[in-house]
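Before any questions on how it binds or moves, here is one chain, the form predicted alone, in structure tokens.
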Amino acid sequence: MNEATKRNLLKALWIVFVYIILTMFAFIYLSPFIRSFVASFMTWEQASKYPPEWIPHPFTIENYLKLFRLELFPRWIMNSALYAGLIVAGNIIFSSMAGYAFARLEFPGRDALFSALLALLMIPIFVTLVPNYIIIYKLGLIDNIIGLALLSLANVSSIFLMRQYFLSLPQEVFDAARLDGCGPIKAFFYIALPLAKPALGAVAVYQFLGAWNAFLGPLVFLRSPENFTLPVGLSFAFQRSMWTEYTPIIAGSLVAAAPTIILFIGLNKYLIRGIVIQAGKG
């Protein structure tokens, strides 16, 4: 066996080894989802057994039927869609503006203000929960989807991502625009924003995933069942005084996860782009 054949054989063995390891890790990470999918077709008595069983016996779709019998189930889906849509739109508009200002405009205290903004990432959400509640209460927007969305119309991580992207754009483009009489605002709308589609896509995906799956905020700020988002509504619908129906909640969680899975598959390149942007120029 010559040297080239040995190298090719070792390369092939290495690739097989890597794929085996990756498959094992993929199965480990996917096993909770697989278990939830299987359990959604089980009765609670079988789903709660230990050691866990992986084949539904009897196979039942009653958990899904319970979901669609809920009168408010379509309303909760619409509320979640409205909440996520408002947050995505707000972040695309306001975070892109803030990111552009921090990246391309010169003003006193810019770097200090940006550093203070990044420091907010270290503050747990529980610390800001009470002040935010007081603000929304004073505005008379408790139990209001729009009021709840106001708290997340701009996000520090989205501002950081947009700033990183605008910094990566060639300075020569903006210099040429300035020589042609294009001011900072015009440059933002006609140059920076059209070139920022990959970053805007990443922001939209990240914010939609976070808003669609949000639980704590809607739980605290929403009171009426008809105003609940889907995660809170599912918990409310199947919470009993002494116990909880977990299998319908599992089925509902899978239904709620369907849009995020579709979004992830369709816009995966934007998620990767977002990671690349955040790791880029500082």
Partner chain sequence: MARVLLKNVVKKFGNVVAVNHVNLEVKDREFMILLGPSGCGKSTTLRLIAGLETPDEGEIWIGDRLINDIDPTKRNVAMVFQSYALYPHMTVYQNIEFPLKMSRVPKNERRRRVIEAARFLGIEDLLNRYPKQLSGGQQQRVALARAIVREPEVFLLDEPLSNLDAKLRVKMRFELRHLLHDELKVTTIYVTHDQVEAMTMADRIAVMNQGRIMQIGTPVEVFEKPANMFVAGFIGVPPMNFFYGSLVSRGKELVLDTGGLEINIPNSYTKSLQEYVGREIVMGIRPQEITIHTEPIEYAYPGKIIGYEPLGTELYIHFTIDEKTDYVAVVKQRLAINLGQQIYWRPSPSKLYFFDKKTGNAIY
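Numbering follows the first chain given and starts at 1. Values in this document were obtained by computation on a predicted structure and should not be read as measured data.
Separately, the form predicted together with its partner chain exists; it is not shown, and the next lines address it.
Checklist entry - Out of the stretches listed (84-92, 69-77, 191-199, 143-151), which one is close to its partner chain in the predicted bound form, meaning heavy atoms within 4.5 Å? => result Heavy-atom contact with the partner occurs in 191-199.
Next on the checklist: Please tell me whether the candidate spot formed by V173, A177 and C182 is one where all three residues come within 4.5 Å of its partner chain in the predicted bound form (heavy atoms).
Outcome noted: Yes: each residue has a heavy atom within 4.5 Å of the partner.
Item to check | Contact label in the predicted bound form: K186 to its partner chain, heavy atom within 4.5 Å | outcome: Because a heavy atom of K186 falls inside 4.5 Å of its partner chain in the predicted bound form, the answer is yes.
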